[in-house]
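Below you'll find only one chain, the form predicted alone, shown as structure tokens.
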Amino acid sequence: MSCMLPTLTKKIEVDSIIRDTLDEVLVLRFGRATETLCLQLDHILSKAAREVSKFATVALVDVDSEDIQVYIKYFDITLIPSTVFFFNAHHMKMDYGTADHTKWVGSFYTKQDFIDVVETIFRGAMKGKLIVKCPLPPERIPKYQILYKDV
């Protein structure tokens, strides 16, 4: 499914798509095309990409690329897949009821869940907000325990 969506492997490609996507939500999925959860998420993203094409652009970012590591560190991507949202080159955040509002970690349960999240981000961004509340019920938001070393 990932062959239907553009895959970015260079920092300049990511910089360019963030800078050039105007008046649309930019959805960047950070992950590997070989992992099962990433393939599941890619399937959902590719099915929904056409439906959200009027207000969103979806692209995949390969976390194994050396050139992309600057973004991996900046967004603190430790669990994959992680999905990051932008609007007019601004990083959009969403309150999922977890401590981290910067990215969606894991896959969406359904295509409609993804569409609802992107639509909420778009509507909030059009009102000038940089953080919006997640429209999904808590049971459909993946929960992860993050363990810190040497703390």
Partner chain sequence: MMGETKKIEYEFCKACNINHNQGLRHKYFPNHKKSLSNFLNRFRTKLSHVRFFLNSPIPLNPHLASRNRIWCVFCDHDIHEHSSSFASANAIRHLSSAEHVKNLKHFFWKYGGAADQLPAFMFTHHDVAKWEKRCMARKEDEASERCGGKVFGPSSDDDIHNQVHTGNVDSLENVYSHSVKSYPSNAVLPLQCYTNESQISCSRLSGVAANSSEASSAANPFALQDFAVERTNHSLPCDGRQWLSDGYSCNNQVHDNGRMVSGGSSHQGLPLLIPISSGHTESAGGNLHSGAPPPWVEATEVVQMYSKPVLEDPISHSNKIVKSKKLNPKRVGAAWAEKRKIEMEKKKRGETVSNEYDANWLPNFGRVWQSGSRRESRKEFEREKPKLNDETQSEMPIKIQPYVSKRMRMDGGVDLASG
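Positions refer to the first chain, counted from 1. For clarity, every value in this text was computed on a predicted model and none was experimentally measured.
The next section is about a form of this same protein that is not shown, the form predicted together with its partner chain.
Peer 1: In the model of the complex, does residue 91 come within 4.5 Å of its partner chain, counting heavy atoms only?
Peer 2: Yes.
Peer 1: Is residue 125 a contact residue for its partner chain in the model of the complex, using a 4.5 Å heavy atom cut-off?
Peer 2: Yes, residue 125 sits close enough to its partner chain in the model of the complex that at least one of its heavy atoms falls within 4.5 Å.
Peer 1: Can residue 140 be called a contact residue for its partner chain in the model of the complex at 4.5 Å between heavy atoms?
Peer 2: Contact with its partner chain, no.
Peer 1: So, in the model of the complex, is residue 110 in contact with its partner chain at a 4.5 angstroms heavy atom limit?
Peer 2: Result no; residue 110 lies far from its partner chain in the model of the complex.
Peer 1: What I'd like checked is whether 10, 65 and 80 together line its partner chain in the model of the complex, meaning each has a non-hydrogen atom within 4.5 Å of it.
Peer 2: No: none of 10, 65 and 80 comes within 4.5 Å of its partner chain in the model of the complex.
Peer 1: Looking at 36-44, 83-91, 111-119, 56-64, which one sits within 4.5 Å of its partner chain in the model of the complex if you count heavy atoms only?
Peer 2: Contact-bearing stretch, as computed: 83-91.
Peer 1: Are there residues in 57-78 with a heavy atom within 4.5 Å of its partner chain in the model of the complex, and which are they, in order?
Peer 2: The stretch touches the partner through 70, 71, 73, 74, 75, 76.
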